[in-house]
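Shown next are two forms of a single protein chain, provided one at a time as C-alpha cells under the names structure 1 and structure 2.
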Structure 1
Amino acid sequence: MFRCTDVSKRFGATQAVAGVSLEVPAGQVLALMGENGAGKSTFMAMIAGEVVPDEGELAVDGHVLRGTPADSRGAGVAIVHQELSLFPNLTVGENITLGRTPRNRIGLTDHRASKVQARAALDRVGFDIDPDRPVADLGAAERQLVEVAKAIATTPKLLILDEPTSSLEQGEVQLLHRAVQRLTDEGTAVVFVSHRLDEVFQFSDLIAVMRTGALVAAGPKAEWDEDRLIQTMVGREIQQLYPPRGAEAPRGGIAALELDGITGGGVHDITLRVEAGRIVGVSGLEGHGQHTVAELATGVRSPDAGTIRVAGQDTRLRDPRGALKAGIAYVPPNRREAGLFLPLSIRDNLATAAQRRLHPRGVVSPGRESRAIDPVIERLHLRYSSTFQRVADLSGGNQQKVLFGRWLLAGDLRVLVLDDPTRGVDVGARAEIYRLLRELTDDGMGVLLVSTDMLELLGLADEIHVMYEGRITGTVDGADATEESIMALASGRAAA
C-alpha cells in the first residue's frame, strides 16, 4: 500500500532524511521509531506532501506522490500530527468535515449531513461526544480523539499517527487501538509513531528504526524486544531508564510546598505536601482534576478556598510571576503553546526567567549571559547548532530540555511543578530528563509531578496521590505502588 525508494531530504547543512527505502503492506501497522531529531517528522511530512523530497520516490497504492498536500490527500493519505490542527472556534463536527463540508442544492452548508458524517467518524473511533460541542470546551485527550476521527473520516488508504496517544489515558488508548484494528481489517496501512514502548508492541505488526536521518533497522515485531529497540534507537544501551531513588529524605520538617484544603477549578479539598528532596506524584484518569492541581500550585489558577504554603509561609499565588518569586517553577503540558517562545533563540528562551539576575542594571551583557547559559546547556546534553538557533527548529526532546534549562538558570527555586513533562519525548531524552530530576531532588528541590504516564509515576515518585472526580481518593507509597492499586483509586474504588 505504501512504498518509498531512496528518499532523501536536506535542510541546509542538515541531512534530515538519508536514502530511506521502506514498504508497508495493506492492513499492516508499521511503528516508525527513533529519537527526537532522527528524521521521522520530516519523513512523515514528505508522505503528507508538506515537504518535497530532494531525491527518491514515494507511492501510495501505486500512485506516485507529487509532493503537495492536495495530491497526498487525493491519493488517500491522512495524517494526525503531534501538534493538533483543530480550530477551537468551530464545533467538533465542523472540524471533522472541514474541507469536505456537505452542501445543499443552493451551495449552502448542509448542517444535518455534516453532523451525520461527523457522528459516523466519531463512532468509528468509539468516542461518544456531541458533534455540536465547541472544540474550545474540550480537554487535551478529547481534542486528540477528535483529531483522529477527522483523519478517519476521509477513509484513508494510508493513515499516519504521530504520537496519537500522548494525551490519552489507558481506556482511551484502547479505543484508539480498536479503531486502528477496524481500519487495518478494511485494508488501510498505518504508520504509527509513539515514544511509549508498550504501545508500540501493542499496535504494530512491523517496526522500523531511524537514526540521524537513516533507516538503520526494520522487521516484523516478533524480531524485537524493548532492549533491542532502545539500543537501536539511541545507538547505545540505556541500562536503567529510571535512576535509582536516593537516600530517604528526612520527613516531618517544613515542606517546600503545601496545599491545604485547596478548592477551585473543579477540584475539592486538595491537601498534599511536597518535601525537599522528594518527588510527589499526582495521578488520575483524564478530566478528574490532576492538571488543575498543577495550575493551582503555580498561580495559573487562583483557588476559591484553602491555603498554599511555600517553605512554611502562607502564600497567595495570583499569577505565575508570583509563584516564581516564591520559588515555584512550572513546566506545562504543552510546551509549544504555553512554555516556549518558538520564534526566539535557545539563548533567549533560557534567559527569559533570569533577566534581572543576568542583567541587574538592565543592560544586556552577552559575555555574562554566555557564562551563565553554557554550563546549563552542557548539563542538559542539548543537541543544537548554535545558541542563536530558533527553538522552533529543535526536536521535541530538545525543546523540552530548553524548558527545563530555563528554570535551572532562574536559580533560588524550591519547587518544580511538572505537568506531563515527557509528552512527545523519546526514550533517550526521557532518560536524561529523569537523571536531571534525580540530581535536582538530591540537591534538595521538591518536585510535584502530574503525569498521564503510569510507568513514569511508578518509576520516579516517592509517593503518589490519586484523584477521582476532583478529589484525592488515596495516596500510595512510591516503592509499593502498582498499576492495579493506582487504577483502583483512579476509578473511585479502594486500592487492592
Structure 2
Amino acid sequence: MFRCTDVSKRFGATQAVAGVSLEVPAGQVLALMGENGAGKSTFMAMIAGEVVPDEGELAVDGHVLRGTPADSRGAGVAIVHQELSLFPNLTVGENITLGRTPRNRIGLTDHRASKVQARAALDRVGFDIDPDRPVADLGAAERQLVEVAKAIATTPKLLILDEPTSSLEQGEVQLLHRAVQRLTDEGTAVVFVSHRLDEVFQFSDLIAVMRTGALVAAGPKAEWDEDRLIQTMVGREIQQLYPPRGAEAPRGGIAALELDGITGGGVHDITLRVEAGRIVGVSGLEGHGQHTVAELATGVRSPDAGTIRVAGQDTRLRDPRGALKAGIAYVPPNRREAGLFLPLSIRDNLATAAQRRLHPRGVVSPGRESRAIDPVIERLHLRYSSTFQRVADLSGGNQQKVLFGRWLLAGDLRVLVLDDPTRGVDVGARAEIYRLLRELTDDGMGVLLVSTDMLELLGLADEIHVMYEGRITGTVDGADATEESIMALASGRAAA
C-alpha cells in the first residue's frame, strides 16, 4: 500500500505540487490524470526518490521514503519512465539484471543464471525477445516492453507507469495490461499515468486528477465518465478539440510541396501533394515508414529516386537548412532530443530560426527581439513565468508550443511538416495546437501532418494518406474517413 500525506514541492516561483494526500491500497491501480504541467511528473519523481518534497511524507507499506532513488527502490518502488531509461550500450538481459547481476564464485558475471533471470522477467510480460540483443537495436515499443520487464523483475510493492503505452500498439498494450493484472493479483499497488482516456478506464480501479499542483478529485472508477474526467482535468469545458475544417480549400493548382515517386530509406514510390491552406495527413501503424516520409520531405534524408517540387519547381533538399531556405520547416517527433535547446530560455529557443531576420546586422537587439517574440508567445498561449525561463522547466505541451512558435517567427514558410506533434501532450494544449495549425493553414500555409494518432488525423486533416510497409496504400478524404477505413488500409487489408 502506498500513502502520501500533504506533500508539497516548489521550484522557484512555481508551486509544482501543493498539499497532495493520496492512498493506493495493495492490489489496486490508480490512474493519475492531469494536463501536462499539472504536477504529475514531479509527484512521481518524489515517489521515485529523485525529488525531495519540501513538506509532507510518502510511505510504501509503512516505510517512509527518504528521497533517494536507492531508498525508494529498496522500499519496493519500481518505475517505468516516460523517457526510457534503458542503457542502449548494454543488452536486454544486462539491462534487466543491472545492479544485481548474478555472480559466480570468483565474482565474474554468471551468464547462464543471468539469462535465466532475464528470461523469467520477460516471460512475466509475455514478451519473447533474445536477452542477448543489444538494446540499441530495439525499436521504441520493444524498449518499452523491456523497460516494463525490468521494472517488474522483482515483484515491486508499488509500480509507477509513466505513460507506458505511448509507443505501444494495441496487442502490446494488452501484454502490458495482463502483466499489470498479474502484479496486482500478487498485491502490488500501481500508479499509472496516461493521456489515452480509453485506457484509463480499462486499466484502473481508482482515478485521481491533479491540476496546477493540487489534487482536485479522486475516487473509484465508477464515479467517473470521460466527460467529467476531461472537464476536471482542464478545469473548463473544452467545447471542441478540433477546429472546424476551413471552407473547401482550393484543390489543383500548384502545390506548395509535392513529392513525386519518392523512394528511399525504406519507403517506396511516395506521391503526395500539400496544397496551400490544407492539412495533409500521413497515417500508419508504428514502423511503416511514415516518419521517413517526413524526413524525406524536409531534407533530413535524401531520396534515392523521385522528384520533390516546391511551388512547382524541382528542388533538391540537401539538408534541413536547405529545406528551410525553400520554405519548408520540420518539427521532429522527439522534441526533447531533436528539436529544442533545453538549457536555453524560451526566448532563445523561439529566436533560433529567425536570427538573421531579427538581427540583420548580426548584433542582438533585445528590444527588437521582444517586439517580435511577445506577440508570438501571446498567440501560443504559453504558460510560463518569464520568457527567460529555461525550456527544460516547461511541461511537454508548452515545450511543443515553443517549437511551433519558432516557425511562426521564421516567416516566409510555405509548408510545415510535423511528425507526431502531440505525443504526450495533454488535451488542453492539444486543442490549442490544433487551433494554431488551422490558423496557419488559413493564412495560406500547407501542413504535412505525420501522426500515429488516428483520431487526430480524423479530426484535423483534409486528406489522409495511409501507409503500409513503406507504401501509400490509399488516400481518403479527411471529412469522410473513419477509423475503420484507415485501419483497413494501415493493416494492408484493403486497397482504396
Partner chain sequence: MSAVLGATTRANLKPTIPIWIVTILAVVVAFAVSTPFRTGTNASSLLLGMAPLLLVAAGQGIVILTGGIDLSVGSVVSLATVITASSLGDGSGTLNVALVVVAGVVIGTANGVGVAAGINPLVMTLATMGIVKGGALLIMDSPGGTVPASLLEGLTWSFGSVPLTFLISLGVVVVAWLLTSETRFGHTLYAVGHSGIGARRAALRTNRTLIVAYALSGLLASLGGLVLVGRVFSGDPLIGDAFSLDSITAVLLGGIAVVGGRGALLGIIPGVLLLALVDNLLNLAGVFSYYQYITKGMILIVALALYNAAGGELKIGGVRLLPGRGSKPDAGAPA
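If you superpose the two forms and keep the largest set of C-alpha atoms that fall within 1.5 Å, you have the rigid core. Just so it is clear, the model here is predicted, and its values are computed rather than measured. Counting starts at 1 and follows the sequence of structure 1.
Colleague: Two copies of the same chain, shown separately. Which of them is the form predicted together with its partner chain?
Modeller: Between the two, the form predicted together with its partner chain is shown as structure 2, not structure 1.
Colleague: Hey, does residue 291 budge by 2 Å or more at the Cα between the two structures once the core is superposed?
Modeller: Comparing forms between the two structures, the residue 291 CA shifts below 2 Å.
Colleague: Once the core is superposed between the two structures, does residue 402 show a C-alpha displacement of at least 2 Å?
Modeller: Where the cores coincide, residue 402 shows only a C-alpha shift between the two structures that is less than 2 Å.
Colleague: When you overlay the rigid core, is the Cα of residue 155 off by 2 Å or more between the two structures?
Modeller: Yes; that C-alpha moves by at least 2 Å between the two structures.
Colleague: Taking the rigid core as the frame of reference, how far in Å is the Cα of residue 125 displaced between the two structures?
Modeller: Spelling it out: core superposed, C-alpha of residue 125 shifted, distance 3.0 Å.
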